[in-house]
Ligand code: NAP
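There is one chain below, alone, in structure tokens, taken in the form predicted on its own.
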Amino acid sequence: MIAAKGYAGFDAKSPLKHYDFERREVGDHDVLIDVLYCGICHSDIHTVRDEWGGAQYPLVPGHEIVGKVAKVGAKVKKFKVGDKAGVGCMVNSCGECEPCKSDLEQFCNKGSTFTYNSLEDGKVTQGGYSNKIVVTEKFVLKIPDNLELANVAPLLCAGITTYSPLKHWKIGKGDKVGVIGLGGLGHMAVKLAKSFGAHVIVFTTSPKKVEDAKRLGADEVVISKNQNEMQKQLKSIDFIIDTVSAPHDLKSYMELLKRDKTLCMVGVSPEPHEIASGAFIWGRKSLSGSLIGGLAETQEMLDYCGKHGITCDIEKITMDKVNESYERVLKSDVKYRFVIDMQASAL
């Protein structure tokens, strides 16, 4: 076994703290990665605090992982020692069901093996708030050389979570796209939708975010609490991506869609939303959702970001600031993703 060090949650209420644990030995198809940076996702907080249920402790979070290859198995073909490499939200799937064969491993019929708090070979997976990780080659991603490594880390969740629905609904030049929320996901939705040629409208409750939304590429910013501003957008939008991970009024946004258009949810609220059927019936509109992306699409996203110079806006921290950063995330006090610098952290 390989000795590893990290930070873990030990129950739903206590702060994360140091944890010594073991990674499996490198098998024929495995890649050992020295973790250099790991992003902090709101999902990490939900999971560690057991807000979605099913937390298995001790729990090392983190699924926005970038680093350098330290060792490869005998049958590994795509990577060599010293290569930059990334690991996102999944580390395995059955590989045999229709979704897996369609490069949609995130929808594996038998259940994807997620990077943390999942079962693999009878053991709970542990994530990237650690100095090392061992992953089967298929689930390791190549990182474009021209991108700053720390700023790439959140692309492995925030990037693919917003890229995938924009691609699926074929967003392009001339489309009018609404982005609800300007956080870790929302700021990437703005950058990507704008790069696809869309006219981007950010919806936020905070007037303080207007200037930043425009800096990130938004063509318009609507304060969602202002009914006059909302009314001006009625039946005018081709696609809305909803990044908010708390209950909010969906009906008011459904009213902004053109006929036959879609609002796609990517933010996961621990509490249910309320919405009446009339919101869909009048205008034959759709409410949908999207979950990250498969391995092929995630690599496509990374290559696209490399070609267009797109990365996340981040704030680097050391591991001892993780608990403080969680509280700041909940207060939306970060622009726009915390990234743990493993090299600067004392583990």
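Throughout, we count residues from 1 along the sequence that is shown. Source: prediction; values computed, not measured.
From this point on, the text means the form predicted together with this ligand, which you will not see here.
This chain lacks the partner; the member of 190, 87, 263, 157 within 4.5 angstroms of this ligand in the predicted complex by a non-hydrogen atom is 157. The partner is absent here, but in the predicted complex a heavy atom of 41, alone among 312, 301, 35, 41, sits within 4.5 Å of this ligand. In the predicted complex, residue 52 approaches this ligand with a heavy atom inside 4.5 Å.
Residue 14 falls outside the set of residues with a heavy atom inside 4.5 Å of this ligand in the predicted complex. Interface membership of residue 118, defined by any non-hydrogen atom within 4.5 Å of this ligand in the predicted complex, is ruled out. Residue contact with this ligand in the predicted complex: residue 292 places a heavy atom within 4.5 Å of it. The partner is not drawn, yet in the predicted complex one stretch among 255 to 263, 168 to 176, 143 to 151, 238 to 246 has residues with heavy atoms inside 4.5 Å of this ligand: 238 to 246. Although the partner is absent from the chain shown here, none of 6, 61 and 125 has a heavy atom within 4.5 Å of this ligand in the predicted complex.
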